[in-house]
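Okay, here we've got a single chain as C-alpha cells, the form predicted alone, with questions on binding and movement later.
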C-alpha cells in the first residue's frame, strides 16, 4: 500500500517558500494487511456511543489538511466515538490502546461533551516490532456550553513507522478543551491541532512534548482561533532534538473581529543536542480585533556546557545528565496523563531511547 498526502500542516498565512515552513508532504508505504490489537476501557453508564451524523452541522476546521482528514475518515477502520451526558462529570477516563503489527491503522474519533459535562479520553498508539506501519488519526471534539474535554494522545510507534494526527475542536460558551500530545516514536510524525473558541469565555490549551533522534522528521501545526468574547488559549511545546532530526513547529493565534477581551499565548522550548539537528519555528499572530492580547516566546538552543559540567561533577554521567534534562521537560506534560503506571511507562520509554541513542 502506497500512501501520498500533500499540503499537510499548511501555515495559515504563507511566507517565503525557502524557509520550509509553509507545509509538508508525506510519502510512505505499509503492508496491505492490517494487524493490530486494541484494549478499550468500558464506557461508564453516563457515556454513550455517538456517530458522525450528529456532527453534520458542525463547521470543523483542520490543521493537518483536508486531503489527509478526508482520507482518514473515508478509509477509517477504527475509532472512539463517545458522548458525555449533559451535566455529568465522568470520573474515569475513556481509554483505547492500539498496538500495531503491520498495515495502516486509520482511526476516526468523535468526542461530544454535552452542556455542563466533563470527559477525559486517552488514545495510545504503539508498534513494537520492526515492521513499517502507518497510523492516521482524525479526532473531532465538540464541547457544548460549560463542558470540559481533556484529550491525551500518546505515540510510541517504532522507528520505521509513519504517524499523522489531526485534532479539531469546537468550544462553546464557558467550555474548555485541553489537548496533551506526547510524540516519542515513529520515523515521521505530522501533528495538527485546530482549536475553535466559538463561545464567549471559552478556553483551550494544547501541551506538546516531542523527542527526535536519528533522521526523524517532526512536523507540528497548532492553531487557536478566537471568535467569542473573553476567550483564552495557551499553546506550549517542548522537546529535545538529537542527531539529524528535522523539526518544524507552527503556532498560530488568530483573533477574529468580535473576540474582544481575548488572550492567547504560545511558548516553545527546544533543547538541541546535535549541531546537525534542524529546528524551524513559525510563530504567527493574526488579528482583526483591537482589544486582545497575544504573545509568543521561544527558547531554542544547545545545552549550556557549564550546566552539563556541574551535573557531571555531582556524579552523573553525560548520558544521565542529558536524560535528566529531557525527562524534566516530559514531566511538565505527564501531570496531564491519568494513571501512574502509564506515566512510568513513558519515563522508562524515553530513558531507553536516550540511552540507546548515546550507545550508537
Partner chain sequence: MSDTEKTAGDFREVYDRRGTMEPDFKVTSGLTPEIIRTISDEKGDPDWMREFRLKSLELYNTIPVPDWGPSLDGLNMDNIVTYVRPKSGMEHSWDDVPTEIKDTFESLGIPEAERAGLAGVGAQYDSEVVYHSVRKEVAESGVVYTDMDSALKGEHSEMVREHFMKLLPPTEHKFMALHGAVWSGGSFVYVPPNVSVEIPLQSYFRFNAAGAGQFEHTLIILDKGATLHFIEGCSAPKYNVANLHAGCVELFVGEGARLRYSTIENWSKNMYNLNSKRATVAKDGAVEWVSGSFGSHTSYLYPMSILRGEGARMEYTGITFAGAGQELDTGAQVIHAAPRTTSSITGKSLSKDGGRSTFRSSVVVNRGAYGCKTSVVCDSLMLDNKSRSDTVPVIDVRNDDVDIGYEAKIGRISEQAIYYLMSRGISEGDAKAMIVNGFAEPISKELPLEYAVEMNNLITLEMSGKR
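Note that the structure is predicted; figures quoted are calculated from it, not measured. Residue numbers count along the first chain shown, from 1.
Just so it is clear, the following notes concern the form predicted in complex with the partner chain, a form of the same protein that is not shown.
- Considering the partner chain in the predicted complex, the lone stretch of 268 to 276, 77 to 85, 137 to 145, 182 to 190 in range is 268 to 276 [heavy atom distance within 4.5 Å].
- A single residue from the set 285, 160, 96, 115 has any heavy atom within 4.5 angstroms of the partner chain in the predicted complex; that residue is 285.
- Residue 293 is the only one of 70, 49, 32, 293 with a heavy atom lying within 4.5 Å of the partner chain in the predicted complex.
- Using a 4.5 angstroms limit between non-hydrogen atoms, residue 346 is distant from the partner chain in the predicted complex.
- Residue 334 falls outside the set of residues with a heavy atom inside 4.5 Å of the partner chain in the predicted complex.
- Residue 92 falls outside the set of residues with a heavy atom inside 4.5 Å of the partner chain in the predicted complex.
- At a distance threshold of 4.5 angstroms between non-hydrogen atoms, residue 298 is in contact with the partner chain in the predicted complex.
- Shown without its partner, the chain has 13, 14, 15, 16, 17, 18, 19, 21 in segment 1 to 28 as residues with a non-hydrogen atom within 4.5 angstroms of the partner chain in the predicted complex.
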